[in-house]
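Let's start with one chain on its own, the form predicted alone, as structure tokens.
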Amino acid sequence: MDGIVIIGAGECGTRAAFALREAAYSGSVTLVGAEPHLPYERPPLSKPVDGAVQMKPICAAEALEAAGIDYLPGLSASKLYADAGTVTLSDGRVLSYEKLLLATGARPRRIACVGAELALDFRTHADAKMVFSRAEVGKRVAIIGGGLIGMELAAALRGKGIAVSIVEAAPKPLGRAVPERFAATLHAKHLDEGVHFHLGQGVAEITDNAVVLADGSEVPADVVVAAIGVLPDIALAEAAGLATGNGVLTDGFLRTSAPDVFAAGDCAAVAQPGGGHVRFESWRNARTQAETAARNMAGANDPFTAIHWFWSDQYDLGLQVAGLPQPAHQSVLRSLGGGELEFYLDDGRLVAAAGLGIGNSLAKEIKLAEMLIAAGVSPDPVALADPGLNLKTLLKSARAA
């Protein structure tokens, strides 16, 4: 056997490679990445600096070499033979493995309409360079999809003075991942900044200069970007006969249905204590699942228990969400000078929190809320709502109890 092979060199795969060394794994580690450059972070792609798309490396080449990680850029896996413990790469070479990690991530969901090939994706560094190079002042950009990626991109383009329209099939933007109160605030902010919304509308056709909506009306556009979500990249796992659904299905320890094969990050759907599988898409999740998978591949038996967390920066506003807010949860609002916090209780227990404020003003509060969630506290709703009561005080009381 030839050590551990990791397919996918994004945040998850790269972090897993280093976490193996931190777990004292001494065998060979091979990291296979489809893109031709060093691993990089995706969140900065929607935040150009001085008009240039950022490529923020996750690590330097020297760090990979120092950790004894064999990095193979510009290659993908074409075939996985789980029974034989081998994986064939796109250049024909065959790697055998002791353990394999699938960190294949996700791919953009394709829009289905006439002229769909005219829509640009926004997922990779190359995608971002294409979008921002074509979206010049005086151009009109139509973004199909009012989720986090579409709204973040709209904010960046409006910052450059570019006309932006958002087409969203749902009756309101940010309806899937963002708590309703904060989604409405962000929607209003975009309207104030001059973004035009076409809500509750499907797309019938994309032309060279417009997006034709299902009702026949047209949204003028020189550039069209499709941001309608992603699909887990599970083709390799499916072809190998691994159990899949909305992702590569794993147990709570990130093991797949094939012995010695693990999955983590955007491609993994993890078994939940209450039943079913959940797939999380976030930078934090990619890192924490990578670390759990690495420890377990190195011989540990740690369940994945991290609290879901994500953030989004739009204009001068920063959103952070910890846990999984649900409409059925009891909501408790706390108003602060820099913004608002909303806490979510399930049968009295704190299970989620969200905050929206200027810049990073609520980061400390969300971090404390995350620690309260982890402690399993059942706080007094009146105390939660009181901005004069420090969350650290609640945390100390919980730990003392």
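Source: prediction; values computed, not measured. One rule holds for the numbers: they count along the sequence shown, beginning at 1.
One more form of this protein should be noted, the form predicted together with a small molecule, which is absent from this view; the next part is about it.
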> Counting only heavy atoms and a 4.5 Å cutoff, which of 259 to 267, 205 to 213, 326 to 334, 294 to 302 contacts the small molecule in the predicted bound form?
Replying inline: 259 to 267
>> Taking any heavy atom pair closer than or equal to 4.5 Å as contact, tell me whether residue 136 reaches the small molecule in the predicted bound form.
In response: no
>> residue 75 versus the small molecule, in the predicted bound form: is there a non-hydrogen atom within 4.5 Å?
In response: yes
>> Since only the chain is shown here, I'm wondering whether residue 286 would be in contact with the small molecule in the predicted bound form (any heavy atom pair within 4.5 Å).
In response: yes
> Do residue 182 and the small molecule share at least one heavy atom pair within 4.5 Å in the predicted bound form?
Replying inline: no
> Of these, 98, 222, 121, 281, which has a heavy atom no more than 4.5 Å from the small molecule in the predicted bound form?
Replying inline: 281
>> Using a 4.5 Å heavy atom cut-off, which residue among 35, 346, 340, 70 comes into contact with the small molecule in the predicted bound form?
In response: 35
